[in-house]
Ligand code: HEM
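A lone chain, given as structure tokens: the form predicted alone.
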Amino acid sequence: MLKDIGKRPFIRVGFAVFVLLIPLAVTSPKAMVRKLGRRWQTLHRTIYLIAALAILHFWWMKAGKHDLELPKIYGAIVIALLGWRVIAWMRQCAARQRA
């Protein structure tokens, strides 16, 4: 099993994604949101990094089989959603400057 981990970096990335999701799951209940205050939002912004690593994991996993159709679709969805967030953020900043 350890030899497999050394040969296949997608396993390490997938495990890292799993480990990074644990704090998000633990801090998701409303009580934790109240307890963490503004730090909750900072912690939960790591989802952007986690999403990118998850796509990388999926891409590497499927690349060995030359089956990149689904990773491309999921990657495009993540890019579209993140682009939508960036546009909304830019509009919000522009509205604040006008006010």
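All residue numbers are counted from 1 along the displayed sequence. Being a predicted model, the structure only gives us computed values, none of them experimental.
Only in words, not in the display: the form predicted together with protoporphyrin IX containing FE, which the text now covers.
Each of 58, 62 and 65 comes within 4.5 Å of protoporphyrin IX containing FE in the predicted complex, counting any heavy atom.
Interface residue remark: residue 15 is counted as part of the site for protoporphyrin IX containing FE in the predicted complex, having a heavy atom within 4.5 Å. Contact annotation for residue 78: none of its heavy atoms lies within 4.5 Å of protoporphyrin IX containing FE in the predicted complex. Using a 4.5 angstroms threshold between heavy atoms, residue 21 counts as touching protoporphyrin IX containing FE in the predicted complex.
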